[in-house]
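Single chain ahead, by itself, as structure tokens, in the form predicted alone.
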Amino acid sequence: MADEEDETGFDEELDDGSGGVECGHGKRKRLFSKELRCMMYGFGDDQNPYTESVDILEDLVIEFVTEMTHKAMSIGRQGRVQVEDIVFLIRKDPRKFARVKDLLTMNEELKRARKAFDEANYGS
């Protein structure tokens, strides 16, 4: 019986509309629709996926990013999000942790390549 009560509370949380940007007429501005459609197609969905599917996925993405941001702001330096805070939060999820490490490594390599390119072109 307690499980049924928890399920109804969960549905209410989904409909609160707290994530995303509100437009004047009550609907949220979709921030990632184009990117999510491309990602869905890349992972095997139809080239033009249902709008409802994209909207649900976007709601999940916004909820995840919001939760991670709030958690990151509460650890480390209060009120400030740093890369180390995000790494700390995902450290127990091997797939996310490996992906973040790859992206951080690639970012450093790109910085070094840009610096070398600028030095070669503009002299040092």
Partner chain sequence: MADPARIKPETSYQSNQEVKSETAAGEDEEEGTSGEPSSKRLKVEPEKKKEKRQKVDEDEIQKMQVLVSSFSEEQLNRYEMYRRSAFPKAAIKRLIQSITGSSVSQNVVIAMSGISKVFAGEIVEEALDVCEKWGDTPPLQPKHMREAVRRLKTRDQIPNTKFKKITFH
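Keep in mind that this is a model prediction, so the values were computed, not measured. Numbering follows the first chain given and starts at 1.
The next section is about a form of this same protein that is not shown, the form predicted in complex with the partner chain.
Mapping the unseen interface onto this chain, residue 101 counts among the residues with a heavy atom inside 4.5 Å of the partner chain in the predicted complex. Although the partner is absent from this view, residue 115 stays clear of the partner chain in the predicted complex, with no non-hydrogen atom inside 4.5 angstroms. At the 4.5 Å threshold, heavy atoms of residue 77 stay clear of the partner chain in the predicted complex, well away from it. Using a 4.5 Å cut-off on any heavy atom, the residues of 37 to 63 that reach the partner chain in the predicted complex are, in sequence order, 38, 39, 40, 41, 42, 43, 44, 45, 46, 48, 49, 50, 52, 53, 56, 57, 60, 61, 62, 63.
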